[in-house]
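Coming up is one lone chain in structure tokens, specifically the form predicted alone.
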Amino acid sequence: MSSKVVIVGGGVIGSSIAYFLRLSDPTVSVTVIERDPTYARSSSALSAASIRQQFSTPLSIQMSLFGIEFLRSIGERLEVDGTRPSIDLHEGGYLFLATPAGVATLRENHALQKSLGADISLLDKHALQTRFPWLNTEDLAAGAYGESGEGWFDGYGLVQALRKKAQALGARYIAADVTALQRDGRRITQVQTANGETYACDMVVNAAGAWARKVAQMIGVDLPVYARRRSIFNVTSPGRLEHCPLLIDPSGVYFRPEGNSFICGTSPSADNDPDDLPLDEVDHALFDDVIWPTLANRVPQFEALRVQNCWSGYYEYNVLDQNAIIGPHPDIDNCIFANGFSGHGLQQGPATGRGISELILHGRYTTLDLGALSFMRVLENRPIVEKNVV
């Protein structure tokens, strides 16, 4: 039983863990150390903040099914002193599009998603044209659309609501940068911060997001998680797209509504995706050369797109397989990792928080088994193949 838990990182992952720990056992001391309490550079605040069940692995689907259940009930779950938070959850659905070459994979994924209870419809070309008449379907063969349970929300609002509720339940938040983890053999004994303070611990959780690799290096662990910059563009169009979902083009370019405008983006090519690029810069060439031409082709009304705003945030990118690493490292008895979500952290945060609280309090998962995401797969080079990486 761990009576003193120190969590490094207070974004959605760290705050979700703190919330579930204090909710499950108020006797556990929980200290969250967050380097940036404004969350100005956090992935939680800078992401496109969305949730889907359209994955190709059962565990990712199950984690997001719990995620949507959590988000739908956030007002009751995270109420503090009679104030219920709102994250403006909009279940507008994801629409994954496929050319003939991608239809078999789309069908296979759809069958798995449906078998686990996800509300996804498989649409042929005619159905796509009927439901989304503004869409250019010339090169398409099918699409998969989330009828419910998928959409977007206020990511900054979610992290603030989780933090406030965790604090109301008794978790302590410290604004500081962790500079050292003191290790004695197979155990970490204390966490040290830049201001010279130290925090004794029975258990440490690395939930440091894009900075998790640096924290892992403090205890001699090689964590294959790197900060990869992703640029997001807020655009306007004179066109009006009725019932517009979050659309994923076969190229990987995506867009979704944002009020009266849209946000869009895509991942850069693998040969042009270095680590730790500055967040105060935006990849305008990616918009000009890839995103805009793709969107103008897919939605003819987007020919006249105008960029209103743009920003960059970090993916905490697991280079092994773009899936989270959750659980202990076999060489250290009292350190749990929750890293490398590769753009899925907001939607998988609730399931991760619940699961890690179970590990700490019971020594095992008691609801959804997250064991497939363990550190052992990294050490044994057993990547999880996820076909729907966005």
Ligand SMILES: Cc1cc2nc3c(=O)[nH]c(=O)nc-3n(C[C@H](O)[C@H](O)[C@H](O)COP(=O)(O)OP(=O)(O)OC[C@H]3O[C@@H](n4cnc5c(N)ncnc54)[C@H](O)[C@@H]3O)c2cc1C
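The first residue of the shown sequence is 1; numbering continues from there. The shown structure was predicted, so the numbers you read here are calculated from the model rather than taken from an experiment.
The discussion below concerns the form predicted in complex with the named molecule, not included here.
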Segment that reaches the named molecule in the predicted bound form - one of 99-107, 208-216, 128-136, 76-84, heavy atoms within 4.5 Å: 208-216
Three-residue site R22, N334 and E358 fully in contact with the named molecule in the predicted bound form at 4.5 Å by heavy atom: no
Single option in I326, V30, M63, L346 placed near the named molecule in the predicted bound form, where near means a heavy atom within 4.5 Å: L346
4.5 angstroms heavy atom contact with the named molecule in the predicted bound form for Q54: no
Contact of S47 with the named molecule in the predicted bound form (heavy atom, 4.5 Å): yes
Contact test in the predicted bound form: P250 vs the named molecule, heavy atoms, 4.5 Å: no
Contact test in the predicted bound form: L140 vs the named molecule, heavy atoms, 4.5 Å: no
Heavy atom contacts to the named molecule in the predicted bound form at 4.5 Å, residues of 178-195 in sequence order: V178
